[in-house]
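One protein chain, two forms: both are listed below as structure tokens, the first as structure 1 and the second as structure 2.
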Structure 1
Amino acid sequence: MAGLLKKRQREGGEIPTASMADIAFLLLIFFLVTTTIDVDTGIGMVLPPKLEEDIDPPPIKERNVLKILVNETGLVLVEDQPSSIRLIRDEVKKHVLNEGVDPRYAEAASKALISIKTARETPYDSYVGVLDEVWMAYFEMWDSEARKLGFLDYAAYVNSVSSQDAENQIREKIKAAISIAEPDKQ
């Protein structure tokens, strides 16, 4: 009887894998087609129209220009005085909103110009930090003007203006005039 009850070796079960490569390939194609890749677009700036060669640029009084220089080491100079990036926002607001009171700052908001000069070797984070502070100064000034007009903030004012197809009077009153250039050669 011992010979009759031989134990049979069972073969292990197999999973057919012939089509697995096809499925993996189809999944790979699906993910390649549906994946979006973010592309760095840089800093969005609207450039003014190019002046014709026979036209000189408009004259600007020295007092209406706030000069900000960021050198090769990332040192920030505001009107040739060392400063920090954190102080630029307040300096820009003082300059633009001066209304002719202090002779060191602009005569009027409509005439104020912020000049940012950088060298080619300027650290990118210093340049972006300075530019951000200048723009934040303008956004704070626009927000303050919108609140004076009875809006919750500048965004609410913009929504109201765009829904009525009206002109943005706040941006006409306080224009963001920013000049970006390399330092003068000496």
Structure 2
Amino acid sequence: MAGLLKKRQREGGEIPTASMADIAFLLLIFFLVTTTIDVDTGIGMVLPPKLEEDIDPPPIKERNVLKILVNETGLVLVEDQPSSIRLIRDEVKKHVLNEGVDPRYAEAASKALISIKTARETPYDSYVGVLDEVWMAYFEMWDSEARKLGFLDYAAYVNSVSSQDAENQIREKIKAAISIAEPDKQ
């Protein structure tokens, strides 16, 4: 018995590090399996702030608003004319880039407004489809504006603007003014 103890004391008092890598590997595999690196994507919107009771909303000229109505079955009315989701992108571009030429469309790009109205029973899918087309129209307009200024696309323009702390002039010229109207009460 005493002899055994003596033998042990003669060995070096070091922790064996050979298995260190294996332990670390096991932990690594656990975290590899549990990690999800996918980035959330979606359509960003900013809701209007709560209306004050005693302040009237600012007056807006009728011609500056492009009214898009989506009904219960996903059918679309643009300015009271039957349309389809695919045509919305061009309609929005026509409306915003009109610059006062056509009396049916907006006076200026900075004044243009898009109003999306749905019924309470409208499927969310059609609403997102319409909203997507409106945003794509804006993205394409920003891209072409950036190209006019000699940038590859709008993202490149934003990069150069934010690095110089300058004002985003494209955004100033073409504001993405999208309003989500409340459905009619029945």
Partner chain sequence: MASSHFKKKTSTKQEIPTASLPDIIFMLLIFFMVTTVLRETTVQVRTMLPQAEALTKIDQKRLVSYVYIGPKKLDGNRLGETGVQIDDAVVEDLGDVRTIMYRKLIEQPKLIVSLKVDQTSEMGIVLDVQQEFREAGTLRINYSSKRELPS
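Heads up, when I say rigid core I mean the largest set of C-alphas that superpose within 1.5 Å between the two forms. Remember, predicted model here, so these are calculated numbers, not experimental data. Each residue is numbered by where it sits in the sequence of structure 1, with counting from 1.
Taken from the form predicted on its own is structure 1; the remaining one is not.
E62: CA moves less than 2 Å between the two structures after rigid-core fitting. A155 shows a C-alpha shift below 2 Å between the two structures [criterion: core-superposed Cα displacement of 2 Å]. Comparing the forms between the two structures, the C-alpha position of N168 differs by less than 2 angstroms, with the core used for superposition. At E53, the distance the Cα travels between the two structures is 2.7 Å after the core is superposed.
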